[in-house]
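Okay, so here's just one chain, in structure tokens, the form predicted alone.
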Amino acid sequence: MHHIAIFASGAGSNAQKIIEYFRGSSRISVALVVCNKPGAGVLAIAREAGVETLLVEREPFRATGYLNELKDRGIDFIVLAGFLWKIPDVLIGAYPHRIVNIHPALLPAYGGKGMYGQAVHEAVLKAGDRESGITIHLVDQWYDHGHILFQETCPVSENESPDSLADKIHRLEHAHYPREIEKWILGSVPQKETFD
């Protein structure tokens, strides 16, 4: 069984979809939800689902990544689902190629520091793009920079607003992120060799 920790900062709609997707799985378990905001909706979602939570503070997170707490819970993979703090080098070093993020645009466009949520959708509309989408990528030392695992697009209509585009993006996230997480995790783990 592979144990994942979901890192989230807000309402937790992606976290909820991921928890639901892996409920009852014999191969992947959501073992922990890590959050940096007391009172965030994702904490209530985790409690309702019976998933343990860990509330983190900025300075200890930067210094240690709460690595001991993750290791104590047997966390194998980290999934970012609307987590707004930069992941510290200590965690990237401890989980090489085992941290994944979802970005609400088609990277490398509209990525980087400060590019999250409505800011991304507003930038897409301001540029006049006729297409947007989601990018699922591995996490490295730089914002929105790691190896891209998956992208999916959606059209941007003539009268699109940031809110209506956000709705389209959320639908793509909910449809694809849990399944792509599963493919990524199971593809990352060497399968036992078989011999004829």
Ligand code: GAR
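Position 1 is the first residue in the sequence shown; the rest follow in order. Since we're looking at a predicted model, the values are computed, not measured.
Not on display, but discussed next: the form predicted together with this ligand.
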Would Met115 count as a contact of this ligand in the predicted complex, using a 4.5 angstroms cut-off between non-hydrogen atoms?
yes
Distance check, Gly10 to this ligand in the predicted complex, heavy atom within 4.5 Å:
yes
How about Lys168 - does it come within 4.5 Å of this ligand in the predicted complex, if we only consider non-hydrogen atoms?
no
Give a yes/no on whether Ile102 approaches this ligand to within 4.5 Å in the predicted complex, heavy atoms considered.
yes
So if I measure heavy atom distances to this ligand in the predicted complex, which of the stretches 103-111, 68-76, 122-130, 88-96 falls within 4.5 Å?
103-111
